[in-house]
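Below, in structure tokens: the form predicted alone, a single chain.
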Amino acid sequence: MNEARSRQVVIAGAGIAGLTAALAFAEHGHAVTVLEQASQLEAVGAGIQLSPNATHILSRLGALDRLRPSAIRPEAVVLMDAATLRELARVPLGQTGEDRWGAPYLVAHRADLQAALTAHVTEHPEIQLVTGARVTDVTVQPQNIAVTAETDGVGLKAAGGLLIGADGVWSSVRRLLADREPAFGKERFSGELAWRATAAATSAAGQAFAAIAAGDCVTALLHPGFHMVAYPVSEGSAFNLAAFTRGERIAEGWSGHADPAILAGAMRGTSPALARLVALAGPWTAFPIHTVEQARWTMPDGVALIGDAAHAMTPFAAQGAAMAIEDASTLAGLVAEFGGDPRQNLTTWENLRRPRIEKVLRRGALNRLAWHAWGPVAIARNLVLATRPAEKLAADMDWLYGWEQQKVVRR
């Protein structure tokens, strides 16, 4: 493969995964073209949790300093019983967590993170960001990958040695290459709905939340029918609220209309103060949670899927964004470590990443089971949490939050 062409990388998608990948590949001297189908970069969703395994990468890439002014470093993750509002457990974060894991645990508005990444990308001379470019065709050739995109009705061509599909759970790259690589995973509805709202700190809903929990923590309220996660965003001027229930498939896109009675019904038996908060914070937007089954993420011809395009997961471990950031950094790092044809490194990267992704998936499933426990299982959960010291709860997260990218040694 021509060396200049092999060092050109085309990325589909300018979300968190795609923008991080652009910065990571450019850091290693690659020329990067990012194709984004939206004409303007608009963040989907509201709040986002960024654990230390993600923030240390953002720091190395130079994007964390742009995010810090609007982000919040919470003091702890607090688990509470939704019926009694009794505190069940507390995992220390803040300075204690930063000292332990080497980077901060931050919460932020997703738009603030996207803005920080975009600003850094647009200043980088090796990165070309093209918006309003919908990928319509991918041609895989022995020495080249050609991507066709449509922008304002006009065809646009981009080519390189690698194509990175960072275009989310409904990935166009994955769909366009499904016939050539049938082992790619497929999207499916998880059976879960995420209900989201944002409450200004000075609003009645914000005051209702402040009456329930500390405003400088990530608070998870546990109940058999649902759980809610709340934390401050936008320099503390607002609270992000996200509740999770079972539900029917309501939309193919990111959000849709669902009957609020689903959320109300799931909340039966909760504290009146929590019910009041939910009523004041409305209207709530329902987001169907879709996942991508565990299958292949790469093609030896030079295609890799990262983030949600490869392994979209439920949010119960709060690691979707972090895994996308890790994917981007580790892929760029592995390609840089071993010269020659970068396509030869894709299978190695996938094999190295898969065990960690699978462990995170198991953690998310365990969290959902524990947070929605009822009867004797809930009693046992509460007893375990009550007897487990904060230090031990933090140590349980060392494998996840304390992760650092390692160099790969080939034998």
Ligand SMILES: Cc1cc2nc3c(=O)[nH]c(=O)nc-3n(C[C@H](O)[C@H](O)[C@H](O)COP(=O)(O)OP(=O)(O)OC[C@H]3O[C@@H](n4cnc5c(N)ncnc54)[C@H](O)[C@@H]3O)c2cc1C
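Sequential numbering from 1, following the sequence displayed. None of these values were measured; they are calculated from a predicted model.
Keep in mind that the form predicted together with the named molecule is missing from the display, and what follows is about it.
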note = Picking from 322, 278, 335, 222, the single residue whose non-hydrogen atoms come within 4.5 angstroms of the named molecule in the predicted bound form is 322
query = Since exactly one of 199, 103, 292, 194 fits, which has a heavy atom within 4.5 Å of the named molecule in the predicted bound form?
reply = 194
key: the named molecule in the predicted bound form: contacted by all of 16, 48 and 135, heavy atom 4.5 Å   = yes
query = For the chain seen here without its partner, which of 259 to 267, 303 to 311, 121 to 129, 79 to 87 has a heavy atom within 4.5 Å of the named molecule in the predicted bound form?
reply = 303 to 311
4.5 Å heavy atom contact, residue 382 and the named molecule in the predicted bound form = no
message = Does any part of residue 110 reach within 4.5 Å of the named molecule in the predicted bound form? Heavy atoms only, please.
response = yes
Non-hydrogen atom contact residue 58 with the named molecule in the predicted bound form at 4.5 angstroms = no
request  = Mark residue 348 yes when one of its heavy atoms lies within 4.5 Å of a heavy atom of the named molecule in the predicted bound form, and no otherwise.
outcome  = no
Residues within stretch 148 to 172 having a non-hydrogen atom within 4.5 Å of the named molecule in the predicted bound form = 166, 167, 168, 172
